[in-house]
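Have a look below at one chain only, the form predicted on its own, in structure tokens format.
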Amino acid sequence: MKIAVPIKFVPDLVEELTIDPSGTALDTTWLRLIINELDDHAVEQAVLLKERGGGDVTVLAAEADGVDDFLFTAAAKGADRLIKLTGDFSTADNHALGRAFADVIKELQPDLILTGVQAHNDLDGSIGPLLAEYLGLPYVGYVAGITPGGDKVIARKEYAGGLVAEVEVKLPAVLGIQAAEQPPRYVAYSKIRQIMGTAKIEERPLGALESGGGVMIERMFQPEAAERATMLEGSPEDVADKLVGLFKELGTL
């Protein structure tokens, strides 16, 4: 089975985010980017499928600080091919990324495309459904397990309340991964350094990105701090009495 995994880097929410002078974008001067967590799960799921039934895994990424290190990490985990799209992605939205990934994936002709089901900067839709549309393929999201079988796969899809559905999907298809069947594996840096000496990152230069279809950001604002919390002090019994009193005031009791 040939598997393609397009991944993207997102702002690290641990860092303080600031808005640039234009007021319509984040200031990238000190912005730290990290791998989207659910894309990391998509890479792990792809490697698991390869280990269980054989196959070939290609990981694709758009150019960004730190992308090379992650691609080599993916190779250390078991990815066979690494592709980096080069160009100016500073203003690229998911529509533009989806179109760029679709052009390369059409050349690869994989049986299965796995991507993280969402990211915290998906303002204009998740890449998975957009990619499926550009490729003319079926899409199933919120997948937490995959069982291949010939020209089909069984995707385990999670719903609220602990319900799980098994969806039969004919290949080729795009699946949005919510969680791999095991947490993304740790790879020692010594192994990554070793891979750097043997693995090769293929670079695919891109021209102008077409971003039509995405949302237009007119203005960004920092969240305004406000006092909305009431701290209840005292013994457990006193706190319980105060909570009951508050609930009565609010009309919930």
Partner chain sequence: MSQDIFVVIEHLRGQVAEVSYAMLAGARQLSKADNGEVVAVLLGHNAQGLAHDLAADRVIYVDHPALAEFTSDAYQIVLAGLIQEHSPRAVLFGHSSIGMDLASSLSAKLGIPVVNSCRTFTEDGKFVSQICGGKIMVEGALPAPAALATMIPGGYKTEQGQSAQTPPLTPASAAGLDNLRVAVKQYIEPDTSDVDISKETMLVSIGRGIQNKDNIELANELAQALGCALSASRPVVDQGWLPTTRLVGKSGKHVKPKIYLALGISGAPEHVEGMGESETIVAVNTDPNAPIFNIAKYGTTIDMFDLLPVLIDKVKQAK
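Keep in mind it's a predicted model, so treat the numbers as computed, not measured. Whichever C-alpha set is largest while still superposing within 1.5 Å between the two forms counts as the rigid core. Positions refer to the first chain, counted from 1.
One more form of this protein exists, namely the form predicted in complex with the partner chain; it is left out here, but the text below deals with it.
Only one segment in the set 197 to 205, 65 to 73, 52 to 60, 222 to 230 has residues whose heavy atoms sit within 4.5 Å of the partner chain in the model of the complex; it is 222 to 230. Residue in contact with the partner chain in the model of the complex (any heavy atom within 4.5 Å), chosen from 145, 148, 78, 125: 125. None of the heavy atoms of residue 84 is located within 4.5 Å of the partner chain in the model of the complex. The partner chain in the model of the complex comes within 4.5 Å of no heavy atom belonging to residue 21. Proximity of residue 108 to the partner chain in the model of the complex falls outside the 4.5 Å heavy atom cutoff.
Shown alone here, residue 89 lies farther than 4.5 Å from the partner chain in the model of the complex, counting heavy atoms only. Shown without its partner, the chain has 213, 214 in segment 200 to 214 as residues with a non-hydrogen atom within 4.5 angstroms of the partner chain in the model of the complex.
Core-superposed comparison between this form and the one not shown: the Cα of residue 200 travels less than 2 Å. Residue 221 is among the residues whose C-alpha shifts by 2 Å or more between this form and the one not shown once the rigid core is aligned. Residue 12 is not among the residues whose C-alpha shifts by 2 Å or more between this form and the one not shown once the rigid core is aligned; its shift stays under 2 Å.
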